[in-house]
Structure formats: structure tokens, C-alpha cells
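Consider the single chain below, provided in C-alpha cells and representing the form predicted alone.
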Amino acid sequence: MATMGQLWANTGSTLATLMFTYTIFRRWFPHVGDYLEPFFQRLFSRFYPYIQIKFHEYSGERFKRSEIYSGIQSYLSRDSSLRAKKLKANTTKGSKSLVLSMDDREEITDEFESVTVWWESKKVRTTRQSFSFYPAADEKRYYMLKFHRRDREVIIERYLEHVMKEGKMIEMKNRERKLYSNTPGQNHRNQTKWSHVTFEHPASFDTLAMEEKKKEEIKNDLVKFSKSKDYYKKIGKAWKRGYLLFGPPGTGKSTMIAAMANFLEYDVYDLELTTVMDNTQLRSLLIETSTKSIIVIEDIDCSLNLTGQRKKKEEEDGDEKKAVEKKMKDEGEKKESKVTLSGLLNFIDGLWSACGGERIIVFTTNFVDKLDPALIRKGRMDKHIEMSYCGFEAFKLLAKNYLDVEKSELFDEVKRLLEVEEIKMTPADVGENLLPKCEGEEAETCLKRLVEALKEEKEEAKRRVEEESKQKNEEEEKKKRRKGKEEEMKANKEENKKKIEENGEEEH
């Protein structure tokens, strides 16, 4: 009695013979073969237990590479270097490294939920001569997925979604991250809204001059946000988070943004509000940003007239006609940004903020008190981070980064000046003093230079206090003299008035 394996072997051999015979027959009798093809397809599908799906490299008009094909290529590249015998190396558009993928006509297996599937990279040549805009027009590449018919539900409903999700994650990880800036004059047709360069800023939280506890708090907050897609959907909020960085110039606000971008591997969009003509263009810019990005507006208090309380309407206190004429005159003299506080708020937290997802919006300012409370409230700027002057812990990190020094006798003096004397010096100034000025300059020399700079800053701060006190006293003296003159003038006026009245009575 034949075993099941023998039966399948015999069946496979018979099907192979039939297909070979059919191929020869179709070659010599093509018109007859067209009538017999449906019969052979039904016969083949009845006994062949596998299902095949093709994913072509180009689809539609073939001017653009299929995103599905790219996703599959990225997904398979993870295992190709370990399993495939023939590989090809290339760099996809925007990739920061070489990508290894299966060579043409190579096959590997994959497993998902205890189901085995087969992936094969195929290439066919076309004999038709035609003009094409993409390279290698006479070659068509595609991936072939093969699986058993009993696993159809698992593959269609879960596996393909898994492949695309993992493929996109690998693409995002391997991509070349970019720094974008909005292009002025966006009303011109065919002009891109964002221009970009490669983002290569080396800043990280390890090199950021800040207390370790505060850095860990920020990092934990970023990680929590990046993994909270389902949570934001559950609570009905757009998947975005706002950070307000405030503090004096030189305290590391821009460095913090670069560290955040490198930590999350996000792109950065540097939005210059003064070049945005109106709220419509602002929304258009938002739509053009990608997920996994940080949208930055630096010095928000200087970008537009958005500080303080909202302006009252001109029509409330004057004639409407005059207001319209004034508006027309202003528009004729100068075309300036018409972005309003309301438009910016909608950009951050309104309906348009939900376009896309996984975005971080960062505002920086040197004067947080100048900003409208509605702009920086929780829910818009969710986390407020003060970038303060350099402390001793931040100094130790800078000394290690700049000089590779972790201990020195001068550390006690620096600690005394920073903590006891409370000398205020920004991390940028501390770093500049620690930076060696010539080849071979020793670390002790740089530390001594910093100590001297701190002492000079102490004397300078003392002089500023004395000058402010002197200026205040002078202003008070001026006020007293002004007040004395006003009282004297008032007294003289009263005396003159009294004399006039007395003279009038004598005449009567």
C-alpha cells in the first residue's frame, strides 16, 4: 500500500508532466491553447495546495516605486543577510547605510504564528520596446509570496499587516534623518513648502549639560510618548506633545532639541513664522510634515506679535470705514505675516493638529512672561522645561566632555563659586572657557581660565548691582526734584491766582 508521501510525489510528478506537455502544446498550437488554458488552470489549482501573491516593484503608471514593495524589501532585508545565499547591496533613497536584500531569483522562508511562508525575489524581461521614465525599463521585478491554502486567514488578516508594519519601522530606522526649513514665498506654484539638509547634529543627552535627574525625567517622558499611540487614541487626543524650553540665552535650548531628535530618531522641522503669510499657509505646512518629527519654533516671543493680551478690534472704538481704509493702506505699503494667535493655537491644539501623528512641538523663549497664557497652557505646551545657568553637576559633565577630566583640585574652587557665591554663568560660556585654545594646552590651564572667568563674572555682577542701585537712586532723586518743581510751580500758581483776586477786590 502506497504511503501518503508517495501519493503526493506521484501526484506532483503527474502535474509536472501535464504542465510540461501543455507548455509544448501551447507553443505549437497557440490558438487551441487559449481554449484549453482555463481547464488546465482549474485542474492545477485543484491539486496544488499553495497560494501565491505577487507584489510588483512598480504599479499603476509605474512612475513611482510601490510603497508595498519597499516595505517588503525592508522587512526581508532583516533576515536576508542570514538566510539567503545570494545578496545584493544598495542604498535606498534617504537611507543612511547599506541595505542588503535578496538577489533576483533567490528564496527564503519566514515563520509567523507557527506558519511557514516562502518569499522569492523574481525578475522578468519584457521583449516589448517602449519609452519609460524609470531605469531598466525592460526588467520587471516583484516579490512572490507562497503559503499553504489552509493558512489563508492567518496570512491575509494578520501576516501581511505584520510585514508592512515591521517594514516601515525598519525603513524609519535606516533612513537618513533631515532638518527641514519652510521656504519663503510659498504662493508660487511648483515650489516645495519645505527644503531640507541632512540632520547631523551630534548632541545627545549624554553630552547635555544638565542635572542627571532632570535628564532622566525628560528621557522617560519622551519614551512614554513614543509608545503611547493606543493610549492617545483611547483618551481621544491627537498623538502629539508640546514642550516649552525657556531660559536665558546660552543655556542649551537648541542643544536640547537636537538631543531629543537624536534620542527618538525624529526629523526636525524648523518653522520660521515670519515667512508664513497667513493661517492657511500655516495649516498647509503642518500637513506637509511627516510623522516621527519635531516641529520647532525658536524665540516664539520674537517671531510674531503674539505676546501679551489679545488685541481689541479696531472697529470697537472707531469708524468702520476708517478702519477698512487703514487696513487697505497697510496692505498696500507692506505685505507682512497675517498669522494670528488663534491660527497658531489651532495649529498646536486644534482640529488640524490631528493630521498625522507622533509629532512633538517645541517652543523656545528667553522671556516666558511675555507669552500669552493661552499659548503655553497645559494641553498645548504639556511640559515646561527651564534651561538654567550652569550648576556644579553640569560643570563636571562639561569638564569630562571637553577635557576628559573627572577630578581636580580646582573643582572645589569651581563648586564654591557656582554654589556658594552663586555666580551665574551659562553652559555655553563655561564650555567656551574649558575649550583648549591651542594645541597641547593642558586641562589645568583651561580650568584656571574658567576660575578666573567666574571671578570676573562675580566682579562684573557686583558692578552691575552697584550701577543699578546708583541708577535707581539717580532716578529717585530726579523724581524728587521733579516733584519739588511741580509743587513749587503749583504753589506759585496759587499765589499768583490769589494776588489777582486781591487786586480785583481793591479795584472794586
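Because the structure is predicted, anything quoted here is derived from the model rather than measured. Heads up: residue numbers just count along the shown sequence, starting at 1.
One more form of this protein should be noted, the form predicted together with a small molecule, which is absent from this view; the next part is about it.
S.K.: Counting only non-hydrogen atoms and a 4.5 Å threshold, tell me whether 71, 77 and 163 all contact the small molecule in the predicted bound form.
M.R.: None of them does, since no heavy atom lies within 4.5 Å of the partner.
S.K.: The chain here is shown without the small molecule. Which stretch in 220 to 228, 368 to 376, 422 to 430, 339 to 347 comes within 4.5 angstroms of it in the predicted bound form, by heavy atom distance?
M.R.: Selected range: 422 to 430.
S.K.: Counting non-hydrogen atoms within 4.5 angstroms of the small molecule in the predicted bound form, say which of 408, 207, 174, 290 makes the cut.
M.R.: Going through each option in turn, the one that passes is 207.
S.K.: Between the options 398, 286, 145, 261, which residue brings a heavy atom to within 4.5 Å of the small molecule in the predicted bound form?
M.R.: When the small molecule is considered in the predicted bound form, the option within 4.5 Å is 398.
S.K.: Residue-level question: is residue 202 within 4.5 Å of the small molecule in the predicted bound form, judged on heavy atoms?
M.R.: Looking in the predicted bound form, residue contacts with the small molecule do not include residue 202, since no heavy atom lies within 4.5 Å.
S.K.: State yes or no: in the predicted bound form, is some non-hydrogen atom of residue 357 no more than 4.5 angstroms from a non-hydrogen atom of the small molecule?
M.R.: No.
S.K.: Spell out, yes or no, whether the shortest heavy atom distance between residue 253 and the small molecule in the predicted bound form is within 4.5 Å.
M.R.: Contact with the small molecule, yes.
S.K.: Looking in the predicted bound form, any heavy atom of residue 249 within 4.5 Å of the small molecule?
M.R.: Because a heavy atom of residue 249 falls inside 4.5 Å of the small molecule in the predicted bound form, the answer is yes.
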